[in-house]
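Quick setup: one chain, the form predicted on its own, written in structure tokens, and binding and motion questions come after.
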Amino acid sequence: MLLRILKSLLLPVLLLAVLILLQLNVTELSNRAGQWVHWMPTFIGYALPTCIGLCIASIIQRLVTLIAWDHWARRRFGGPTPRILRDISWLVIYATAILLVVTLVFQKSITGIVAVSSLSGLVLGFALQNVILDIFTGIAVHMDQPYRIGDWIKAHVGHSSEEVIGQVKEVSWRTTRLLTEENKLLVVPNSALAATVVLNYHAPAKPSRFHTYLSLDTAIPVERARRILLAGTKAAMGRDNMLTEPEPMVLVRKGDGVGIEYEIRFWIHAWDPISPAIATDRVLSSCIMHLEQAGIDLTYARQELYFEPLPERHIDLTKDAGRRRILDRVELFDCLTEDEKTMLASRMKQESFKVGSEIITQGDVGHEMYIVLEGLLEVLLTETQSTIPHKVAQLQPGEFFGEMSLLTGEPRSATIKAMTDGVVFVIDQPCMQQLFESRPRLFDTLGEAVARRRLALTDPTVASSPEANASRIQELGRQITRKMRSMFRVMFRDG
């Protein structure tokens, strides 16, 4: 700070020193100048004091800029100092300096100057009343601070019903400059902003709450709809300053003949780095995906006339056909035939879980795998050198876990904990035993599918180009198949 002040004042201080030195020798300078031009002594007598006064004003103005605006005000406003404050300080300092020069150097009374200025100001006031209104509004904005430079605001400007949204880049004497989302500079008169309601997304704190809406059929239980939508919203949080705290909420907004409309509330740091529109897109996309996985469609106004039995609007999980549609989405079981999927669907069990509960625990022995139908789960891993688990991934509807313990008997490799209420389907070893008994070659096919999934979790190239990784997949598949045969041979013998 001190170094910046010294650098900024070096030139004007040197100039002031030279002028003062000349002023001390003004008599000798005037005598020499008078030998050449008779009016030169008079000019020097007025010019040197005037230059000294202006030079002192320049030094004061630089000190005010560096200390008051660049240091104190920057911390006070939390960013760049508004331009209008700098301009006002500059005007006051130089106007005072000029008045002092006129009074002390030219020996003129300022009474006449003030009288003329008052009359001129009255005339200009009528002619420039809108400009003056903008100027004083700009000053009031800085005193009241409804928004600061860098804040994102929304307002209705003029008589237009269109909303103006932009980031405050500068507040000058007459206008406020906003940079819109389209990267266009919008110049708004200060008086126009003062005459409307301004919504500041960054005050009093930076996180802001936004909302969006989805409508579902009245046949969907409210608690189930809340569970699915909350899981979908939470799945979109946690990146790009989309906040997990405060927690998202799902509220019933209204119900009518069309369906039940749900309001989804979430919190973000607006435009830091993503806009509310992008955040809303992510939330809606995630919620719609969760609804699709649960077999639920969005509702809409319609009139339908059927001469046949009504089509199935949503998946009925109490029927084998509905369960089959869930299995069709599990890539691991693509190798099963239609009859095998139907048999597996009829035998798998549906279980519910509450938020905070552990579905499986790392290191435990288990013989079931799970397919996520509704809700959001987190994968927690405890390293050997630590006792505190850390989150490594999250599971959404349509994904599955626990297949290695089911097929090979290996201990659970991670802890799966519920982030929301939800529902899973459970497939146990007796279900798989029946499949292997009816088709023993399924060991090889399923072992290769499990190997491909395990390698893809650690190496993305396996999923994108399985042909190039065929040898790795086959080798790991053979190892898993041996474990599966050993596991279920024991079960066959025990049976």
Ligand code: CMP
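Computed from a predicted model, the values in this text were never measured in an experiment. Here the rigid core means the biggest group of C-alpha atoms that line up within 1.5 Å when the two forms are laid on top of each other. The numbering used is simple: start at 1 and walk along the sequence shown.
Although not depicted, the form predicted together with the named molecule is the subject of the following passage.
Enquirer: Verify the contact flag for residue 393: yes if a non-hydrogen atom of it lies within 4.5 Å of a non-hydrogen atom of the named molecule in the predicted complex, no if not.
Expert: Because a heavy atom of residue 393 falls inside 4.5 Å of the named molecule in the predicted complex, the answer is yes.
Enquirer: Using a 4.5 angstroms cut-off on non-hydrogen atoms, would residue 416 count as touching the named molecule in the predicted complex?
Expert: Flag for residue 416 set to yes.
Enquirer: Flag residue 67 as yes or no: does it have a non-hydrogen atom within 4.5 angstroms of any non-hydrogen atom of the named molecule in the predicted complex?
Expert: Residue-level check for residue 67: no, no contact with the named molecule.
Enquirer: So, in the predicted complex, is residue 210 in contact with the named molecule at a 4.5 angstroms heavy atom limit?
Expert: Residue-level check for residue 210: no, no contact with the named molecule.
Enquirer: Name the residue from 317, 198, 236, 379 that puts a heavy atom within 4.5 Å of the named molecule in the predicted complex.
Expert: Of 317, 198, 236, 379, the residue with a heavy atom within 4.5 Å of the named molecule in the predicted complex is 379.
Enquirer: Looking at 425, 271, 401, 267, which is the one with a non-hydrogen atom within 4.5 Å of the named molecule in the predicted complex?
Expert: When the named molecule is considered in the predicted complex, the option within 4.5 Å is 401.
Enquirer: Exactly one stretch in 93-101, 329-337, 408-416, 201-209 has heavy atoms within 4.5 Å of the named molecule in the predicted complex; which is it?
Expert: Partner-contacting stretch among the options: 408-416.
Enquirer: Note that the named molecule is not shown here; using its position in the predicted complex, name the residues of 440-464 with a heavy atom within 4.5 Å of it, in sequence order.
Expert: Result: 453, 456, 457.
Enquirer: Inspect the rigid-core superposition and answer whether the C-alpha of residue 415 shifts by 2 angstroms or more between this form and the one not shown.
Expert: It does shift by 2 Å or more.
Enquirer: Superpose on the rigid core, then tell me if the C-alpha of residue 63 is displaced by 2 angstroms or more between this form and the one not shown.
Expert: No; that C-alpha moves by less than 2 Å between this form and the one not shown.
Enquirer: Does residue 391 shift between this form and the one not shown by 2 angstroms or more at the C-alpha, the core having been superposed?
Expert: Moves: yes, 2 Å or greater.
Enquirer: Closer or farther: the CA pair residue 221/residue 396 in the predicted complex, versus this form, with a change of 3 Å or more?
Expert: Note: Cα gap between residue 221 and residue 396 shrinks in the predicted complex.
Enquirer: Distance change of 3 Å or more between the C-alpha atoms of residue 265 and residue 392 in the predicted complex: closer or farther compared with this structure?
Expert: Farther: residue 265 and residue 392 separate by 3 Å or more in the predicted complex.
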